[in-house]
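In the form predicted on its own, a lone chain appears below as structure tokens.
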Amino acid sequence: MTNKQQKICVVGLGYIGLPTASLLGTKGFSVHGVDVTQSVVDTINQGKIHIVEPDLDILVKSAVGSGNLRAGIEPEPADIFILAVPTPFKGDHEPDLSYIEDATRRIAPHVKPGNLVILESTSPVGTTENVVARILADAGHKIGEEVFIAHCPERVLPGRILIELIENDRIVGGIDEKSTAKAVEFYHSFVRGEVLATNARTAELAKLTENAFRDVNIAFANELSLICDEQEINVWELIKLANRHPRVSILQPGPGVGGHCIAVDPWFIVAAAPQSARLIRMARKVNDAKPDWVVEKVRTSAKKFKRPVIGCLGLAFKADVDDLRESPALHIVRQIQQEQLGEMLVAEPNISTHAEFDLQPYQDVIKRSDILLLLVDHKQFHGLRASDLKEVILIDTRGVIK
């Protein structure tokens, strides 16, 4: 069966699902995208996008214009189903698998013998077998004989998603050997990187391990920033010098850790192995505490004024994206507002409006502030120099201000 004869149903048209669906559409697959939000469906069917990602607008317009991509509220029969729905946590950092459960139940009536179902959502170990396969089996499908199921976690960086969907190596793990083989064959059709075969449980833990590794490294950098602040040492200079060692590679500190992956995935490991994942748990606590440390810096600075103007630069969880998920910057700005530490001005160049804050041009925020809090290293902020802001108290959480 050639690409043009295969139909793909992608459930979830967010930061991973939409780039994946549009990429597959431009590769010749017939793609039906599914999202629960009607406005998202309508936007995509107009060849437009609802999220910010370089070149995604061009790709979606091309895929929709060719007739290879269309969106709807409900799933349709297909040859391959890709589940790309959120996996947040609930309560005390417990994985919330309700989106995966719902997506699987929604595709179950449309699945037929010979179909391949791929879970791309980042998931706790066992989710592919114990949630996706179980629900489809309960719906009457013969798993491993007629319906094949695999996990292939996304491994992309916001801002480079379209490049990395093709160029990055992919880890593919089926619930059995035949499922693995079918999924590997599918990814080989559009991925230039290596497609690495394993089993579903290993594939699930591999993605969690990648993000937990980065989280632990960032926690080390964030802890260094606390120590350096006490010792009156420039942490960015320190890390730059330490990284000159050939076997040292320390990441950069910041106001915390955000995004759906690094701020969430390590907790999936902790939830599954609470007694063993001691270092991973502590790293999460270090990074989760950093926003409160930043707010305390603002509190201390605000005491020097009767009612200061506090300028907050950035709300996104990382540079040059519009993604606010688990953003430490957003947490910090909300806390400053709640405590009414002064008149607050907020700039976020990558979004036009926000439900909670009246966004201002960043140039105006810089001019009017008594306390300037740089939270995200967006490219618009890279030209800031301390010498131009002599009367302003600067709190630079990203090491951007020269």
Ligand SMILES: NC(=O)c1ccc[n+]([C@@H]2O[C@H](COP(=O)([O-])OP(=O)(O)OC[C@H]3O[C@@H](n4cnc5c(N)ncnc54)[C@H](O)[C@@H]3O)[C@@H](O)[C@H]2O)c1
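All values reported here derive from a predicted model rather than from experimental measurement. Throughout, rigid core stands for the largest set of C-alpha atoms superposing within 1.5 Å between the two forms. Just count from 1 along the sequence shown to find any residue number.
Keep in mind the form predicted in complex with the named molecule is missing from the figure; the text below concerns it.
- Residue heavy atoms within 4.5 Å of the named molecule in the predicted complex occur in exactly one stretch of 224 to 232, 259 to 267, 181 to 189, 240 to 248, and that stretch is 259 to 267.
- For a residue to qualify, one of its non-hydrogen atoms must sit within 4.5 Å of the named molecule in the predicted complex; none of Phe357, Asp396 and Gly399 qualifies.
- When contacts are judged by a 4.5 Å heavy atom cut-off, Thr87 counts as touching the named molecule in the predicted complex.
- Although the partner is absent here, Val156 is a contact residue: one of its heavy atoms lies within 4.5 angstroms of the named molecule in the predicted complex.
- Using a 4.5 angstroms limit between non-hydrogen atoms, Phe220 is distant from the named molecule in the predicted complex.
- Taking non-hydrogen atoms only, Thr37 approaches the named molecule to within 4.5 angstroms in the predicted complex.
- The contact residue chosen from Leu315, Ala103, Ile310, Ala200 relative to the named molecule in the predicted complex is Ala103, the criterion being a non-hydrogen atom within 4.5 angstroms.
- For the stretch 7 to 23, the set of residues having any non-hydrogen atom within 4.5 angstroms of the named molecule in the predicted complex comprises Val11, Gly12, Leu13, Gly14, Tyr15, Ile16, Gly17, in sequence order.
- With the core superposed, Asp288 shows a C-alpha displacement below 2 Å between this form and the one not shown.
- Relative to the superposed core, Lys182 undergoes a C-alpha shift smaller than 2 Å between this form and the one not shown.
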